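Take a look at this one chain, the form predicted alone, written out in structure tokens.
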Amino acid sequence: MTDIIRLPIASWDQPCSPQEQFAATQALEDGQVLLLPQLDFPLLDAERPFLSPDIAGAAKNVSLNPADGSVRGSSAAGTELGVLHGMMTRFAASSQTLLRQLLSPYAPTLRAGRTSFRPVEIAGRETSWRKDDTRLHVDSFPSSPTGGERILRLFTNVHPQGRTRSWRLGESFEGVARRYLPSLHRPLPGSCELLHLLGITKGRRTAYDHFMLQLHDRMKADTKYQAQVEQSTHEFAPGQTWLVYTDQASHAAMAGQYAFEQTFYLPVAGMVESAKSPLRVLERLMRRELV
């Protein structure tokens, strides 16, 4: 079962002892959720009007692209867009500062991905079963293959009326893999290269990406599994921050509104214990390299 490990960190630039860094990397690489219950991200007065679902327009998230600094998915324009951009850039910078202090073993190879602001309520959102994140799943991106790179995500709840963000947490990654491996099929010869050539994927989809997508879909499509697998519910309060490898921890976001999220990518070689990565677990279970 995925569990919650707490660390007493109260500021984004707080120096962390070797013991705290060891506890943090061990918890994350074991597939646990690392909770920083005292770490808030206070909004500036000019940013408080963004605490409305209207800021997202027709999208569910507002995102900041680290490659070009553009903000997407927002209805903001002009001066308002500049303030929104500043808010998201500030959260991205705060997240990176925290990880340099807390996860210094990752510093040489950790790469920041997109930053998102999530002002829309999760509960009751209409979507397809494949995109329904209220179902237990492990993260895998159809158009953005990772090739085995870890997906580390940091969240902060900033709800102004005290509403929690509700998650379900399920079984270990190895438990998920053992359960569904017999039903997974190998990619057709040449299909991964063809997807890239046609522009369907942003890079070459490896065998690892192929199997991870199937795990993601098998979990979400299996309604009996969703109801009966051993699981627990956790409420993340406003003013709390948490980190988790979402490619490893079985999770589902059930309810909540107004949160920030920062994605990071880490090569398997950059981990403290690479044998715990989903890539290495699948390779061990399948007795083959997944390149």
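Model, not experiment: these values are computed from the prediction. One-based numbering along the sequence shown.
Beyond the structure shown, there is the form predicted in complex with succinic acid (SIN), which is absent from this document and is the topic of what follows.
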Interface membership of E174, succinic acid (SIN) in the predicted complex, 4.5 Å heavy atom rule: no
Whether F91 contacts succinic acid (SIN) in the predicted complex should be assessed with a 4.5 Å heavy atom distance threshold; does it? no
Any of the heavy atoms of R118 lying within 4.5 Å of succinic acid (SIN) in the predicted complex? yes
Applying a 4.5 Å heavy atom distance criterion, does L51 contact succinic acid (SIN) in the predicted complex? no
Of these, 191-199, 175-183, 162-170, 92-100, which stretch puts a heavy atom within 4.5 angstroms of succinic acid (SIN) in the predicted complex? 162-170
Among the candidate residues A56, A253, L43, V229, which is the single one with a non-hydrogen atom no more than 4.5 Å from succinic acid (SIN) in the predicted complex? A253
Which residue among R218, R153, H210, R114 has a heavy atom within 4.5 angstroms of succinic acid (SIN) in the predicted complex? R153
Within 4.5 Å of succinic acid (SIN) in the predicted complex: residues from 21-42 (heavy atom criterion): none
